[in-house]
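One chain follows as structure tokens, the form predicted on its own.
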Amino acid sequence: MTLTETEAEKTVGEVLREGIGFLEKHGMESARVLGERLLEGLLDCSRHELYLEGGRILPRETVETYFACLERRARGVPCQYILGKAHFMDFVFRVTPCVLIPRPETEFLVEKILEEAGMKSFEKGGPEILDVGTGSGNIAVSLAAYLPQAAISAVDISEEALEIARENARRIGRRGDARNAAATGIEFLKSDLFDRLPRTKRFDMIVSNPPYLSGEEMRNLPPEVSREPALALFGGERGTELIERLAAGAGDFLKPGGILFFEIGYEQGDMTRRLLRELGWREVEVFRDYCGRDRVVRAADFRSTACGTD
């Protein structure tokens, strides 16, 4: 989409209408929502403000940038990667194609972790928490902000993802809200699950949004999701291989009474429950999200089957 000098003199309302029409022409579902979201992101405003200021003239550069964003979206690039940011909990995280886009389902995981932390007392005043596969850092940073007394560590196998997570922790931790300052104290470490952790380290909670898509699901991904890093999506041919590794190793890094929390696919509840019990977890609970789908697993009372316990 190119502009002439006269075409560049456009209002917010005109640009939005043309943007929605462009996406509709290219067969995009939810074209209005996508068009609004891209313009909101560029103008750093709310949807409500788009319509309140519909008569405002936009600079030519902004119009050109918006049309370029529309073209990228029509090619299947997610809005979050186009804008370089994604909303999660109360925060805005920087995202790039090297990290998974934070999703509302994972907010449910964070809420369950916060609920658990609020019901316990901890020897150091706050929980020691490990976030496994931190990606953009959305879980670790959110927990640090809501649990400022917590000591939080975060690991990821991808150095590129860790750089994004560190940046998000610095930026959100220094944005002026004293509550968020704890985010700057998160300890980040490159590790494949628990491989690089000191063997003597123990946590009150280990939390994760692990890769859990199966081989079949990976082969049938929507175009937008296929743009996200396979490393953060593919959980093995069955979809639960990474979950199995996580659950098998977590018990060795938990304090007595420690809890494992992680996200699962909505069809994996029964399978994961059986798997964890076979691995030696005595308490396993699967929580349904606000759509009524299995989404979060809480596991406790780990007894290693290697020790011969029943």
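Keep in mind that what you see is a predicted model, and the values were worked out from it rather than measured. One rule holds for the numbers: they count along the sequence shown, beginning at 1.
Although not depicted, the form predicted together with a small molecule is the subject of the following passage.
Listed stretches are 114-122, 69-77, 137-145, 217-225; the contact stretch with the small molecule in the predicted complex is 137-145, by a heavy atom cutoff of 4.5 Å. Screening Ala150, Ala86, Ile82, Leu100 for any heavy atom within 4.5 Å of the small molecule in the predicted complex leaves a single hit, Leu100.
Note on the partner interface in the predicted complex: the residue among His26, Arg277, Arg245, Arg47 having a heavy atom within 4.5 angstroms of the small molecule is Arg245.
In the predicted complex, none of the heavy atoms of Leu197 sits within 4.5 Å of a heavy atom of the small molecule.
Put simply, Val92 is far from the small molecule in the predicted complex: not one heavy atom of it is within 4.5 Å. The small molecule in the predicted complex comes within 4.5 Å of no heavy atom belonging to Gly173. Contact annotation for Glu187: none of its heavy atoms lies within 4.5 Å of the small molecule in the predicted complex.
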